[in-house]
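Listed next as structure tokens is one chain, alone, in the form predicted alone.
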């Protein structure tokens, strides 16, 4: 792949064509927070915490760095008052769904996000899609997916696959930044008599 010269936080770097801004930043040790990115998965752009400012030809705008491709002469700013304000609002919206999520609480402390700003939506899922994408892209099983739309969207396990595949796998569990995935699994497993809900159960 050809090389591209661009700037991140005022420092000129060399990135490979086809990279995203998030990937390019991480190659030079610049940390951009993200909750939906995974190195083994296709870019998704769901959580939008990785929002940065992109400037080219005198024009600047906020972009989602995990899906925004690098370009020649592109200038990226990863922290500013505008960026922090955008991330803070995004975090506050996510906290309304998952106020007890440890990754969210850590980021909220850094950006001064108020978890009580928006009315609570008891879904506990922030729709990062990590579990759905990992199961589909890495495992090729499609045992978990999204159902419904809008504010009613949630993750759901396929009962037949929970019994046949998930009990011995659970590789998606550590990826979940909230308790939604485990809760959905327990709910489905409890309805499938062939498997115990928790490891070690003898019932």
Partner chain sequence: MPKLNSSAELEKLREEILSGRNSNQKIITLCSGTACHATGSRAVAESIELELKNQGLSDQVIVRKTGCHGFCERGPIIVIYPEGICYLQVEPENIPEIISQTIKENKILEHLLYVDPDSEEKITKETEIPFYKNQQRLLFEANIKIDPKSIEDYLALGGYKALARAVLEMTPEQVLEEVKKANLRGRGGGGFPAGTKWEGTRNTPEETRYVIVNADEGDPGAYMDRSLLEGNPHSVLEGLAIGAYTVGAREGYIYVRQEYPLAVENIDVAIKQAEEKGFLGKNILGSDFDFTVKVHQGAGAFVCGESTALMTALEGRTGEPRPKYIRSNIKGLWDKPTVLNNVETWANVPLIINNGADWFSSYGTETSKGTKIFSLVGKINNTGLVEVPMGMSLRDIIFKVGGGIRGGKQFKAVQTGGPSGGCLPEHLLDLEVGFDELTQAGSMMGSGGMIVMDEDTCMVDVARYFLDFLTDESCGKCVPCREGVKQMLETLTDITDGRGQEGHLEQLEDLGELAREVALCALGQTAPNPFLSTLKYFRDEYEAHIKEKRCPALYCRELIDYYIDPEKCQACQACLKKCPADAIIGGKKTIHVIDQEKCTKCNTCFEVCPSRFSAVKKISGEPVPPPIPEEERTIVRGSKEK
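Residue numbers count along the first chain shown, from 1. Note that the structure is predicted; figures quoted are calculated from it, not measured.
One more form of this protein exists, namely the form predicted together with the partner chain; it is left out here, but the text below deals with it.
> Does the trio 104, 134 and 182 actually contact the partner chain in the predicted complex, every residue with a heavy atom within 4.5 Å?
Per the other structure, none of 104, 134 and 182 touch the partner chain.
> Just checking whether residue 62 would be counted as a contact of the partner chain in the predicted complex - the rule being heavy atoms within 4.5 angstroms.
Judged by the heavy-atom cut-off of 4.5 Å, residue 62 is in contact with the partner chain in the predicted complex.
> In the predicted complex, does residue 170 come within 4.5 Å of the partner chain, counting heavy atoms only?
Looking in the predicted complex, residue contacts with the partner chain do not include residue 170, since no heavy atom lies within 4.5 Å.
> Report whether the minimum heavy atom distance between residue 152 and the partner chain in the predicted complex is within 4.5 Å.
Although the partner chain is absent here, residue 152 would touch it in the predicted complex, with heavy atoms inside 4.5 Å.
> Might residue 90 be said to contact the partner chain in the predicted complex, defining contact as any heavy atom within 4.5 Å?
Taking the distances in the predicted complex, the answer for residue 90 is yes, it comes within 4.5 Å of the partner chain.
> Exactly one residue in 166, 176, 47, 32 has a non-hydrogen atom within 4.5 Å of the partner chain in the predicted complex; which is it?
By the 4.5 Å heavy-atom cutoff, the listed residue in contact is 47.
> For the heavy atom contacts within 4.5 Å of the partner chain in the predicted complex, list the residues of 90-129 involved, in sequence order.
Counting only heavy atoms within 4.5 Å of the partner chain in the predicted complex, the contacting residues of 90-129 are 90, 93, 94, 97, 117, 118, 121, 126, 127.
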